[in-house]
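In the block that follows, a single chain appears as structure tokens, in the form predicted alone.
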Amino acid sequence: MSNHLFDLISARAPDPEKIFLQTLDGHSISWRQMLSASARYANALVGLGVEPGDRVAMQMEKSPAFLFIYLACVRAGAIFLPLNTGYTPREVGYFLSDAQPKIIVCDNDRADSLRAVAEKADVRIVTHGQGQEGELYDRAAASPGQFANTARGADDLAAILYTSGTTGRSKGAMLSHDNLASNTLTLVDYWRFTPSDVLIHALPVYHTHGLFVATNTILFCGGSMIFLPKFSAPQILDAMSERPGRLRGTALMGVPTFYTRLLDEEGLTREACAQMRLFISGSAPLLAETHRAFSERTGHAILERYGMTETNMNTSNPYDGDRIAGTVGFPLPGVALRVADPETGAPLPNGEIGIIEVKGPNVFKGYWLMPEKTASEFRADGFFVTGDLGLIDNRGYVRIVGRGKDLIISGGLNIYPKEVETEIDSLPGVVESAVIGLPDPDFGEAVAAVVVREKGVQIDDTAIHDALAPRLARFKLPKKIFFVEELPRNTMGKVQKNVLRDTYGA
């Protein structure tokens, strides 16, 4: 039977004995073993009563089995619902009550803590350990290694990914088979992935970056990956090196923190990166200083791109051509992008800041059980309102200046945090900064900056203010500057400005 997403994967499968995945200790799983394992898990899911269209939730640590279960859901026609391993049982309870999955697969040691919320939502817990234990593992091990794929069309749902929910209810973004397939096909071509590529996979797999961008790209190009349990700069450097009997990486996908921490390693040299083809960064803005320093140390220009849960990837710096720091490149083939007036939706000319809107086969089908919210996020002509503020420069490169909700309106004047952050970050002795708006009785909001200093540097708020005064209009200058050891970030490296607003709002 035709299964839109899995048919594209199987059609591109290489020699069955080629390594699909290799763990840090050298344990290898072939493409044949991966396909067989996904069939076994698909049979196991069906045996548990999972039917086409059912949701299968999963809160499980990163492991090869996580990928097998994802593929099993695709093959069985189920809708995959990965959950951040950092979510508390109470948070998981919300997702279970909202999505109403047939089962939740979790690590053995999570089962007891999730039992109450699962029972309340009438969801069955199915355990799976990190090794060879757990109910789902046992069922899969006893199942045949062949599976008649369930018929699924391009518009059928493949996954629901919940947005991070920094404000209000977390929303379930519904992603179809073709949302995932069309975007992956574009990325494989745009980033020149081939069967000879070996991706160093150090991202979490419950997020669109690690699961759909990284994993699907390798599935669609017929390549291989070195599968790390989590980010470790020494382990990534090891994966770049020649190791007898083990794969050697050619590409890395990461968040900005990957690259700042790699720069702290003495072993990051041109020689260490000689066999690497591509370094990609996303999920959070990459500092221009990081881009420059990495290029000087390695000879590689990091390729920054822009995407989100609801759309997968929208733009990318070019593979061939200038990869400009501070930009996220051009709209990907097949993706229409415009910058619009936030209120009217009228397109703005290049150089003007507005809300980024996108349209294309990558754009999701809407928010789960939220038709009114879905309708409010789309223009009449089908463009999705991303909520990101940005501009298109005179060369056509897209620049992100912040989230719409991060816009500061002080005394009736709009202030874009990124503009102020860029100036602060350029000052000697500053590692990075985050600019937020705080309540002010006179102006409505006042500009505040939270700054991370270089170790041992004594730069103070007066020095920063004096340095900014000639560069920024007075109304953009921070009224208050706070110094911290590090900025709060979520698991994908994004600065949590909502946490900073809560911390300093008083």
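Start at 1 and count along the sequence shown; that's the residue number. Between two forms, the rigid core is the largest collection of C-alphas that superpose within 1.5 Å. If you're wondering where the values come from, they're calculated on a predicted model, not measured in any experiment.
Just so it is clear, the following notes concern the form predicted in complex with adenosine monophosphate (AMP), a form of the same protein that is not shown.
For the chain shown alone, V435 is not a contact residue for adenosine monophosphate (AMP) in the model of the complex, no non-hydrogen atom being within 4.5 angstroms.
In the model of the complex, adenosine monophosphate (AMP) lies within 4.5 Å of some heavy atom of N414. For N149, no non-hydrogen atom is located within 4.5 Å of adenosine monophosphate (AMP) in the model of the complex, even though that partner is not displayed.
The closest heavy atom approach of G307 to adenosine monophosphate (AMP) in the model of the complex falls within 4.5 Å. Contact annotation: adenosine monophosphate (AMP) lies within 4.5 Å of heavy atoms from the stretch 276-284 in the model of the complex, the single such stretch among 105-113, 276-284, 369-377, 343-351. At a distance of at most 4.5 angstroms from adenosine monophosphate (AMP) in the model of the complex, all three residues T208, D388 and I400 contribute at least one non-hydrogen atom. Checking A336, L407, A288, A154 for any heavy atom within 4.5 Å of adenosine monophosphate (AMP) in the model of the complex turns up a single hit: L407.
Among C73, L187, V328, L199, the residue placing a heavy atom within 4.5 Å of adenosine monophosphate (AMP) in the model of the complex is V328. Applying a 4.5 Å heavy atom cutoff to adenosine monophosphate (AMP) in the model of the complex picks out no residue from 436-468. Remark: with the core as the superposition reference, the CA shift of D54 between this form and the one not shown stays below 2 Å. Annotation for the pair Y416/R395: C-alpha atoms recede from each other in the model of the complex, by 3 Å or more compared with this form. Cα of P349 to Cα of G411: at least 3 Å longer in the model of the complex than in the shown structure.
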